[in-house]
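Single chain ahead, written as structure tokens, the form predicted on its own.
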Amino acid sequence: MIRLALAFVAVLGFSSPIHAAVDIQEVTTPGGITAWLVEEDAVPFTALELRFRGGGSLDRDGKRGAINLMTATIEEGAGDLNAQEFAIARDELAASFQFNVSRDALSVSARFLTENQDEALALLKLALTQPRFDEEAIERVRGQILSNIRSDLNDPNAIAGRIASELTYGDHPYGSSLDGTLESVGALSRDDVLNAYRDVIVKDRVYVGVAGDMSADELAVILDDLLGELPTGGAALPPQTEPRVTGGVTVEQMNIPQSVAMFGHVGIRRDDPDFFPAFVANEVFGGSGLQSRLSLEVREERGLTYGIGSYLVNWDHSHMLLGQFSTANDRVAEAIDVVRAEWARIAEEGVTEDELDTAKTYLTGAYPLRFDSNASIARILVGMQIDGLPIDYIETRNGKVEAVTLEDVKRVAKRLYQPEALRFVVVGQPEGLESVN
């Protein structure tokens, strides 16, 4: 029966696409936990997304990588079940649990069939409240993480990201990789993993999104049982920080045929009144399509790269406007010159009516495609809550995009794009390019 049901869900991609408006219910449990729910009973399947604010930024001093190690180990056995027994129990229920950590949050993504809901949630509760963190499991996962860190030491993209983070954020948690270093991860003890668990998995920092075959009344009971025993408190969140990057070029020599370049400067806050004009401006300038200015000027017109783009980054404690490309060593300097020129041009001129219309059409047309599964919807619900967006945001978002005018974009582009502040980090053997502070 379970195998048949699992095959049925797999064929449907874990849910059917949602084409109509998303009806979000806010649910508050008797124990005071708030969740957003989209009830959809067409398929007997539910996606549950939990997000604990803080994430890798909560690593204790000298313990960089502890939260990442803990997150990768938390499902390796719980209660009376060792790692293998836990995995067998989960698979027999045709359930899926994924634990991931980012700079600002630890995410738990659970997927389960309605017929196995109670058993799946009981197993998830065991992982959240009684993780074993066996020494054998810690050592096995530590080895995997150390292997990844060693690989990153020879990855030009990872190197560029590390240097850019260090330059921009220094000793703030954003200034280093949440994976940790060979030295820091190698020195972590089981007590460090337990402390990381206590610092992050706390009830008063959890955000919940649910989509699927579950009612509001069911969810209220389920969440108090699943999360009610978790402690409150946790480690102190890091402070807000402004990017301290200044204009110039940083070159890191590496013997590779192509150079990787990252570039950017301070961005715009998600709650800034000008966020949507900035969002539309970036779509014109360096967005996902091949019609962006950066793509046209750097890729299409000059053939300097196979791909280039820019994006607004909004973390909990800082915000940036970033971009990246790679190109042959003998053409890096030319590509940088073009990026700088385009940066200055949009700051001075804004965008054209045709560019604005094209960006709006793409952004409004692509948005509904995000809601293609229960899993996607649950993630979006959690993201909206963490970003402080209203519950009707899905209904109003495209209207905010449509309302952006040419004058809005011109005003915001002049403010946002700062050619003199643009910093490039280049990893490779770029010809005719040296570090300039």
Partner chain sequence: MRFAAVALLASLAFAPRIAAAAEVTSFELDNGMQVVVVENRRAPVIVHMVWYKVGAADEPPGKSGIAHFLEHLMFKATDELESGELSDTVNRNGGSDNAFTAQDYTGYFQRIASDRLELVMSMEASRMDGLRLVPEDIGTERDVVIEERNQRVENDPGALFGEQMRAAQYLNHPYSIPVIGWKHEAHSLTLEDALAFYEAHYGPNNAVLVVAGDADPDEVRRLAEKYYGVIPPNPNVVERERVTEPPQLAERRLEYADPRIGNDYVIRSYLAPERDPGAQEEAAALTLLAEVLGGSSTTSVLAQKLQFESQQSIYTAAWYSGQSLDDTTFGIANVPVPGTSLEDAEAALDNAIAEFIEEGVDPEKLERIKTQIRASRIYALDNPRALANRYGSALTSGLTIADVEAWPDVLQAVTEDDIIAAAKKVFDRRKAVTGHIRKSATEEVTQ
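These numbers come from a predicted model, not from an experiment. Numbering follows the first chain given and starts at 1.
Keep in mind the form predicted together with the partner chain is missing from the figure; the text below concerns it.
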Exercise. For residue 257, is any heavy atom within 4.5 Å of the partner chain in the predicted complex, or not?
Worked result: yes
For this session: Report whether the minimum heavy atom distance between residue 326 and the partner chain in the predicted complex is within 4.5 Å.
Result: yes
For this session: Answer yes if any heavy atom of residue 274 is within 4.5 Å of a heavy atom of the partner chain in the predicted complex; otherwise answer no.
Result: no
For this session: Please check if residue 112 has a heavy atom lying within 4.5 Å of any heavy atom of the partner chain in the predicted complex.
Result: yes
For this session: Would you confirm whether the three residues 30, 190 and 310 all fall within 4.5 Å of the partner chain in the predicted complex, going by non-hydrogen atoms?
Result: no
Exercise. Which of these stretches, 342 to 350, 257 to 265, 167 to 175, 192 to 200, has heavy atoms within 4.5 Å of the partner chain in the predicted complex?
Worked result: 257 to 265
Seminar exercise, completed: Picking from 94, 105, 278, 321, the single residue whose non-hydrogen atoms come within 4.5 angstroms of the partner chain in the predicted complex is 94
For this session: Could you check which residue among 365, 248, 231, 186 gets a heavy atom within 4.5 Å of the partner chain in the predicted complex?
Result: 365
Exercise. Can you name the residues of 372 to 405 that have a non-hydrogen atom within 4.5 angstroms of the partner chain in the predicted complex?
Worked result: 372, 373, 374, 375, 377
